[in-house]
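The chain below stands alone and is given in structure tokens; this is the form predicted alone.
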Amino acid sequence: MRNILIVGAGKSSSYLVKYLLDKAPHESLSVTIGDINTENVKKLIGDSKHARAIQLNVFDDESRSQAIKNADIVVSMLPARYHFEVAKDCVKYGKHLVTASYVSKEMRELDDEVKSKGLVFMNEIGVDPGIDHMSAMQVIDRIRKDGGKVILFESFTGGLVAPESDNNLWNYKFTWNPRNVVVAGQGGTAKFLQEGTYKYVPYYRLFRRTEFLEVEGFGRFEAYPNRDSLKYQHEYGLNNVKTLYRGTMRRVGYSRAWNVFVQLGMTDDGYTMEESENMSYREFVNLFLPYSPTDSVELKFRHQLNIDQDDIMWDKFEELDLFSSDKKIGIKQATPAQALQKILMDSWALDSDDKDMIVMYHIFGYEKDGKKYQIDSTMVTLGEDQTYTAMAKTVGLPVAMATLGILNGKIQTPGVQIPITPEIYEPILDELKEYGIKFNEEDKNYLGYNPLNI
């Protein structure tokens, strides 16, 4: 019997657990799931005889180390900042590790020790990062093998609400961590390459620098640049590429409206507000507007931001009950970002019968035999319900497949790594197709970088 330890049983764990339990009888697997709240775990495992729930606090050294000692491989589904506590014990006790999170500086520093022990520490094996890496490298490697040279690469991902559940003017609901949505883009200037020239977009301009994408059967989207599009330039082997751009997808019109919150300062998470627990939504908005003895909050809002009363933008803000005198923030010493998140949760929380959607779009430009070509590759995955969401599916399945691949010796290269080699991406992408996660490729005339209004 091979023992798999999963640390953390949050919203992205449903498909991960289901996959491993489905495989357990034939693969001789015993799955232990540790979480502070074991009730969540029990719901996931049901009456399976191949799984058990344990209470596990990642900061309790004794229980954490004992659970890791007893495992053959460890999967950490904790928030990214807690992975290192697990990773240290995995090194100490010689256990493989799988996470869906970005490789931190602390994790990277374990690389030599991980390699010396012949361990695989697989990171960034979720959706973005994860499926984006694997699907991109599969095409990039194929182009190179066929004698081509990649000159352009753009990649976009969006966690959105499914079309049948898209019933608000923003065309958006929270399908993952709301806080990450509210503070998206902060903490650094976005940078990318455009036709051989470095481009920089500060946060206050981020949501007005969008480009548009069309996905067959799902309509039009917009994308704004990620913080650092050049992060994977070397790892992807794109050191000589002319254009390199990574972005986040939303429905058209979202970014223009969201930019209002940015310009007013409502997304700021750097200070707290006095008496915020008793503050109405209307009072919160008024904090960021000029004083007037006569003008209403609504009028000041429109004048400050040059929004006409018949503009769809205005309807979007009214839909949020942004000017309500009755609804309260209800959070002591809230930052503006926390207060805004509270307001948005009222309108953007998924209803019980809502479904989510993951959309991914890659654009590859390459040269071969003196001619230029372009491939557009798209993937859309729809959620089933509130437990088996598209987000859980696209995060959990790659994590589970990599875990089993390492356990079965199909992924052997040691070290702290991400899934960019054929040894990893070929079998996982093939298996993902069986679960409906597949890319549709289209050959197009090469247009070069055509960002419309960037």
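Residue positions are given as counts along the sequence shown, with the first one as 1. Every value quoted in this text rests on a predicted model; they were computed, and no experiment measured them.
As for the form predicted in complex with a further copy of the same chain, it is not shown, yet the points below apply to it.
With a 4.5 Å cutoff on heavy atoms, S352 does not count as touching a further copy of the same chain in the predicted bound form; it lies far away. Though the partner is left out of this view, N286 does reach within 4.5 Å of a further copy of the same chain in the predicted bound form, counting heavy atoms only. Interface membership of Q194, defined by any non-hydrogen atom within 4.5 Å of a further copy of the same chain in the predicted bound form, is confirmed.
Not displayed here, a further copy of the same chain is kept clear of E319 by more than 4.5 Å at the level of heavy atoms in the predicted bound form. Comparing 287-295, 141-149, 100-108, 360-368 against a further copy of the same chain in the predicted bound form, the single stretch with non-hydrogen atoms within 4.5 angstroms of it is 287-295. This chain appears without its partner; in the predicted bound form, the one residue of L169, A184, L264, I329 with a heavy atom within 4.5 Å of a further copy of the same chain is L264. For the residues F212, Y198, Y82, Y93, the 4.5 Å heavy atom test against a further copy of the same chain in the predicted bound form is passed only by Y198.
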